[in-house]
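One chain comes next, on its own, written as structure tokens: the form predicted alone.
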């Protein structure tokens, strides 16, 4: 397999194509500029180098936008395309005989090299940024243009240290893949499919002799992940299920223990960035927070019926909230008056008042600072979804889910999860179920924390079945 990179250079709704010159394979056909990824070279870095060598420009390489595979007479290639929102320098083709800025919707009218056609099919759906009425954006999609895959907006979000809205970046991806090796031919269970970022790479590595099963209790995100992975030509068996029921889900599918198990305990960015899910204080929305919106109490309903002590205990246990007592008293008083928060904005305001913060001070300084309401939102989400009980059940069943010699990887994001995972691994290792000594948890790298601030508290835990 030859790995090749390509750049989708976008400018005002137009995309740059380069025509292959005489003497080149497929001479006369058009392609997205790029070239071969050398051994040990990251695809994004390879693209920056290729654009410098082929076109004489210094490019800002943005997020991956699509992949395709094609078998030529010289072998199979995998083409990885990246958005390139900005570049400097004058375009001067070195290997191509012509360049053309083409409207994205017209890409498929050009005679493209075979591997570029699937990329063009995806890019051709790009539309110029929608304008909003008035002087300021009013809706979430208007304010966060990344949701429409606006390359410039995505680049700007990343430059300021934010995770682009609507973009889920799989946490500690390379560390996960290394921790679950060997993967060729393996049977893998992803307990938290989410957007499918981890499952996508796992499916590529297990190959036709292996399989990847993905579980998620969020049916809305599960359907989207299935469609996205299918469009990439990847086969993943997806099932709507809480990871607490992983053992039952595998049995229902006729599957036994697996070679590799992954449980990423974080919330998907696709959930955080949808105001109607009520999981974020970014913009106001209904205070829902349920992973499965087809059942159970919403966070608003839970707050309206919970006692002050229940609220205090949830904030302290699930959020390590230092002001749990003051916040619980405020929320209980509002509920007694029939004014329990019904929206994320109302909850954030209540927490602000309980902490003695004015509205002007109740803001994050930057993408790396913790929002004053972050712990309260986290605690309520965990309580509403019974996440601790689900995690405890998964950990209890874990040894029976993994084959001898198999690997289990957990990614935690806060102290409560860490304590449960560490304790379960230690007790099960002492009982002879995991190889000793256990590995220390790994922290996310500084580079990844800068690239994806939402991953900054991640810890990776690994155990190998005896």
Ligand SMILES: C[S@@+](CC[C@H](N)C(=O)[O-])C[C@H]1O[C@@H](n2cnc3c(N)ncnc32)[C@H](O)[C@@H]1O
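If you're wondering where the values come from, they're calculated on a predicted model, not measured in any experiment. Positions refer to the first chain, counted from 1.
There is another form of this protein, the form predicted in complex with the ligand, and it is not shown here; the text below is about that form.
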Subject >> Heavy atom of residue 211 within 4.5 Å of the ligand in the predicted bound form >> reply: no
Original post:
At the 4.5 Å heavy atom threshold, is residue 198 in contact with the ligand in the predicted bound form?
Top reply: yes
Original post:
Does residue 192 reach the ligand in the predicted bound form, with heavy atoms at most 4.5 Å apart?
Top reply: yes
Original post:
Would residue 280 sit within 4.5 Å of the ligand in the predicted bound form, counting heavy atoms only?
Top reply: no
Original post:
Just one of 76 to 84, 94 to 102, 321 to 329, 263 to 271 has heavy atoms within 4.5 Å of the ligand in the predicted bound form; which?
Top reply: 263 to 271
**OP:** Would you kindly say which of 312, 217, 204, 297 lies with a heavy atom within 4.5 Å of the ligand in the predicted bound form?
**Re:** 217
Original post:
Considering 352, 241, 224, 124, which brings a non-hydrogen atom within 4.5 Å of the ligand in the predicted bound form?
Top reply: 241
Original post:
Would you say all of 34, 113 and 232 touch the ligand in the predicted bound form, counting a heavy atom within 4.5 Å as a touch?
Top reply: no
**OP:** At a 4.5 angstroms cut-off on non-hydrogen atoms, which residues of 289 to 307 are near the ligand in the predicted bound form? List them in order.
**Re:** 291
